[in-house]
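Okay, here we've got a single chain as structure tokens, the form predicted alone, with questions on binding and movement later.
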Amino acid sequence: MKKSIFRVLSVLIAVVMFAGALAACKPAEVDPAEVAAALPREETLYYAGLQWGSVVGWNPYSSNNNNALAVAQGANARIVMFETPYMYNMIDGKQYPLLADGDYTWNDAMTELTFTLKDAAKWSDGTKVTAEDVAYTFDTHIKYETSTGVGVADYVEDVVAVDEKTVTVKAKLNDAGQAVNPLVVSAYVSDNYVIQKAWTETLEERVAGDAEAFKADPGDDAIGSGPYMPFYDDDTKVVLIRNDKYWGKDKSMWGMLPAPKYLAHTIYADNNAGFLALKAGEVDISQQFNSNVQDLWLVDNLPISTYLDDAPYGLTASLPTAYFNLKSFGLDNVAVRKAIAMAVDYDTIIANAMTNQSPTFNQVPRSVMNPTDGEQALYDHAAVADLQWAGNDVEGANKLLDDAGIVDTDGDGYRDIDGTKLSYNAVCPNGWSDWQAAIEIVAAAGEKIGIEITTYFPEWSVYQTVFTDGNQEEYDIFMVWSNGAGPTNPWGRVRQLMSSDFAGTTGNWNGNWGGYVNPRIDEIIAEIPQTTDQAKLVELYTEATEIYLTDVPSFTLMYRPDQFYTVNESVWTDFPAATDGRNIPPMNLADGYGVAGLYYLTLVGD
């Protein structure tokens, strides 16, 4: 991997003596707490930036595990303990078989998707993964109304075990007999775990069929099919141990076991603690924002690197976005919204808040797309060029407001509408340092165009209860993340940004947090999943971009990686990199096709 010249050849060896002593013990005599306290360094891959706080549970049906090392479904699902039929690769947008044997197929009407399972696929208890496991998983999600079940219920009608190995996923149909959304159906097979039917039945019996108890159960006895199993966790660390009988060493899959015996995550107090551990070589993979990351190798000469040699250092696929609350006085006026968005100095946000770990809006002009090549090819850039803005256009913003008759009528230095001053707050969670820096720059833009904008940084525990309420009037301009890369995007992001389905809803974790309503965009959102003609698809995405840049219901502040990915090669090397030709995305060797990186790792000096 790049910068390997800086590899540190020495590895802590004191723990080797402990490992030798451990090998002499019988399995029943091993105390996981003792092992976890002194994991053999040359057998352990350490993480930072995923796990904050103690693990709550291991239940793959629950959305409240706080178990980031092992349980995370969705696009680029985490598959080190539980596995999906397919793995998504954000680099090429393809889904690669995991539990599945080969590609899936659609019927002619695009209403049913079928795949088979590998003969070798087994659970950690040695029993076979079957089509009945796949079907029962879906039925259980629907029955107990898990977050997964609620998310797919409108799109997937049924999952059927055709025989022991064959699975058919049946789409929900619209009035015309078409699949409501083929994109969601195809994403289902790489987003969602297959969960063992026998264990699920044990869980059901344990909670006597109570839905809330079912989802709240910690699932400490959960059975997975992945290469790692739970080993130890407390309030200081989480450790997974490799299942050396893992089916994936069969020639039909990886043909070997992953290199690290243990995956471990120390629970750090904050980003700075994780950053210092990375510098010290106590962390191998850091999934957190590390300011001026390039200084770690250019200035400190440490054996640390990122996926890309140069800025932006990672693959940016997410679009942290500032939403306008359209119920706030004056923000229902598009001239006010666009003027604020035009005046913001995005180059300063990218240089200071992101320390250049984002392309600029001159490099990647704003749209509804992330910067990946696949998404950028889905709209006509020239057709919307006159609607785009790169930022810091104070003169243009002031002219836009002046032309709209939005001026300062009372001489207090701030513009008003019908005598009411334009005054707003700009909000994001406290402690999210890069977001806070961005919001400060939004506030500074307001001052330059005669609009009062003050910053407010509530704790996340408060913030999440406010921005998810579609009727809230407390926040005027507020930041939320966006969908990154996945099988349903960019359609999913267009829906997230503008679908009126989400406007005014409470408990809203889905999108359109500002309350924007436009019947035409709803038509486009409905039409895109039914469209297979590439030219028509480009036409629809171009129109969606045109609407977004014209009406400005929200505005992207930066491009951001789906995951930050910084590696220290003091102990392990051969991490995935953009130039290595292996097509492995920087997903921290745990998510989607990123898990392939676990099989390439070698120890420094080997």
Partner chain sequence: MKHILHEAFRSPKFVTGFVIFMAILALVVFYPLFVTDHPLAIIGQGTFFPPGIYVSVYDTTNAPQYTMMLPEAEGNRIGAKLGDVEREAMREWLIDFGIPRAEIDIDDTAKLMTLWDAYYDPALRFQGMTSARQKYFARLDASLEGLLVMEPRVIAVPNTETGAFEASQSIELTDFVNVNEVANVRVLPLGTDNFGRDMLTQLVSAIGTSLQIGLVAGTVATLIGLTLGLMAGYIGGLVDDVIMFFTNLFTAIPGIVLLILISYSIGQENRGAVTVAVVIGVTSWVWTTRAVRAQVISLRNRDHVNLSKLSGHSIFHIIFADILPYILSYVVMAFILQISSGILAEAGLSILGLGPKTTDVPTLGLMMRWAMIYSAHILNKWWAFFPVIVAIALISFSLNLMNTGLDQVFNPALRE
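No experiment lies behind these values; they were computed from the predicted model shown. Residue numbers count along the first chain shown, from 1.
Below, we turn to the form predicted in complex with its partner chain, even though it does not appear here.
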Residue among Asn76, Ser367, Gln287, Ser305 with a heavy atom within 4.5 Å of its partner chain in the predicted bound form: Ser305
Position in contact with its partner chain when the complex is considered in the predicted bound form, options Thr127, Thr505, Ser433, Ser423, heavy atoms within 4.5 Å: Ser433
Which of 76-84, 425-433, 101-109, 234-242 sits within 4.5 Å of its partner chain in the predicted bound form, heavy atom basis: 425-433
Interface membership of Asp309, its partner chain in the predicted bound form, 4.5 Å heavy atom rule: yes
In the predicted bound form, Glu42 touching its partner chain (heavy atom, 4.5 Å): no
Any non-hydrogen atom of Ala382 within 4.5 angstroms of its partner chain in the predicted bound form: no
Its partner chain contact in the predicted bound form: Asp345, any heavy atom under 4.5 Å: yes
Contacts with its partner chain in the predicted bound form, stretch 565-603 (heavy atom within 4.5 Å): Glu569, Thr573, Asp574
